[in-house]
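Next up: the same protein chain in two forms, each one alone, written as structure tokens (structure 1, then structure 2).
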Structure 1
Amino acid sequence: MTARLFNRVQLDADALVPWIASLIVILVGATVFPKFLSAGYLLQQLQIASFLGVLATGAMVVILLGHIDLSIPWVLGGAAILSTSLAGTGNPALVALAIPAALAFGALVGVINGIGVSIFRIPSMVWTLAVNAMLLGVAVLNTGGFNPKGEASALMSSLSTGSTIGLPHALIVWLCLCLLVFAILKRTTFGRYLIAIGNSEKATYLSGVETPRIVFGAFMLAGACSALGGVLLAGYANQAYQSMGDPYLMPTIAAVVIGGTSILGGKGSFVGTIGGAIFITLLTSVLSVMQISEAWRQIIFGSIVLSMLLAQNLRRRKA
């Protein structure tokens, strides 16, 4: 009982880290850019954080399994290309299918990832990276290497850039997604089995659980989240473009790890992941204001992820 309570307190403390870090970034940002504390600017940052947050929500589900999904960039890009291509036709029936088709595409890629990881037993890092490369090839064949034609539908633009009573629609979408996934993890057998697999897949399988089915479901959910992120980003930019998902892979993983989710699976916090996405977004904004180059931003993100992994490993040894 004492050990469980200690682990719970430790996990809650891990979830607080990105929120405390976000507050520090806001205070530092305010000294460089006074408008950083304005409500309008902070709401804009929450809107931008929502795109990263949607991706991180799906990535967290897979990481809770003890796996990782490196196909995020081109699931995002493929969904954006597919949705804008359908919306750009002007055909009302195809326009209405733009978002559902993109989400179905993401779920289908998730199924492919699930097959490789759970059936063929290929390490998720290798399999999903290969799938990402193949999706890149398919996109290049489809577009000839040029930016794809098409544009975002009115609904896509509204979800990405609209607001209701001052709250960005993208933020509302993100929070609704978090509530849905949180309910799945906490209130369903699927969620309980997913956590169990993250702690010990072999023990979960020997207890009679069909672990491949859970892995399939997790990767499908992650793929759909990546696709939703692509739809939102396409709506925000009013178009899809080549490699639009590439800048989001490292920040997505960083947001999950910073939020206290163990990269080995079995432990995590949605509150922490939300805080991680907000922290990464605010940090990026401050670095942009300070005119830090993209190269140094990537070095900083990588350093943060490595630091969190080392801290998690140290806590595991002490426990």
Structure 2
Amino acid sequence: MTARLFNRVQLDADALVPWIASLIVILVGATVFPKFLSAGYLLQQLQIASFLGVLATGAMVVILLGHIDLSIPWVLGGAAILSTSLAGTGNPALVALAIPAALAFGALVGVINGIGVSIFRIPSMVWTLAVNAMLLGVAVLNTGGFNPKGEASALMSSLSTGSTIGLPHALIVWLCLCLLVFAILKRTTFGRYLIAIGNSEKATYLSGVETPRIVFGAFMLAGACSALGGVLLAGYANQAYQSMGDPYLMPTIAAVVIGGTSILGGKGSFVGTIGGAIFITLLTSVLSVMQISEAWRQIIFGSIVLSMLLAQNLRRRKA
């Protein structure tokens, strides 16, 4: 069989690992709490997974590029603060602006990330970290002054908490986003370049591609996704608050990598990332409902993720 075909098979298998794992988690959990199998609980998990999933979608784009975005937490927080502040003014025009403004903010931060990474060629790991620190600073400065009463606009709440015929809107938003980004990656030149850069930026540039533009695009897309995550979470909590993004950074990255996306960039799978987001949400929820102590939750979480990665690699080596 061609090596290529093997790759394909592997990719899909990797992508399936989190799905299988999710199934196991539910079934195991169900032996203690039968309610885990109830549609209500599962839909709710999907709704909550959507927040993580939206963030993971953005993170994946950047990781495919061979970079990483550590500014997720405060892009998320900033977008939440911005959107709730606008919505809080009660002025219809500004209320309508809440979501677009937040997304624009995310994209703007993406530009700043892009400048550091593709113009100054600072390792994204560090530059986005610094950007995150600055965003924190801005947020702190801003809440120091007088803030308009902040609250989620009706649209925001409906997007994150509403549901039609049982389907949480958040889930729908997430899936639409996935389809959109999937289309961008698979069907557009931009997507092709993205993957190419993830494999070798030099060779891509020598093919006559303005690679910086692509890097910018990717980081803007990721920033917008983080912002969307912020909007959804603000809608969910019906408010914004400082460091609401901090709990999301590591789970987001974990979701992407256990989905089979190579942290080195160039290859990855959407199905996997979706599965990753769902798996992490489920695992966290099950551990929390089972009232397992923080210490053991950390240990179990880490061990399971490790063993999943090992499983993926051992299989890959057999192939």
Partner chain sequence: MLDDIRTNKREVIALAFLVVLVSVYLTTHPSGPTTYVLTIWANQCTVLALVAIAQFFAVLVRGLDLSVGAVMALTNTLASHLLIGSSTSIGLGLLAVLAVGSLCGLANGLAIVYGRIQPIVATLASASVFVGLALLLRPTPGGEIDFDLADALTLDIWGLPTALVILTVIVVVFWIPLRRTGFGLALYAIGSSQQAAFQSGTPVARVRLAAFVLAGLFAGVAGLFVSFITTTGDASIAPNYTLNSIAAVVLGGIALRGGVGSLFGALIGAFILKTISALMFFSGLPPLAQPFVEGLILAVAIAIGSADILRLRNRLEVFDR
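Take the two forms, superpose them, and find the largest set of C-alpha atoms that agree within 1.5 Å; that set is the rigid core. When a residue number appears, read it as a position in the sequence of structure 1, where counting begins at 1. Quick caveat, the model's predicted, so the values are computed rather than measured.
Visitor: Between the first and the second structure, which is the form predicted on its own?
Guide: Structure 1 is the matching one, since it is the form predicted on its own.
Visitor: By the 2 angstroms cut-off, has the C-alpha of residue 305 moved between the two structures once the rigid core is superposed?
Guide: After core superposition, the C-alpha of residue 305 moves 2 Å or more between the two structures.
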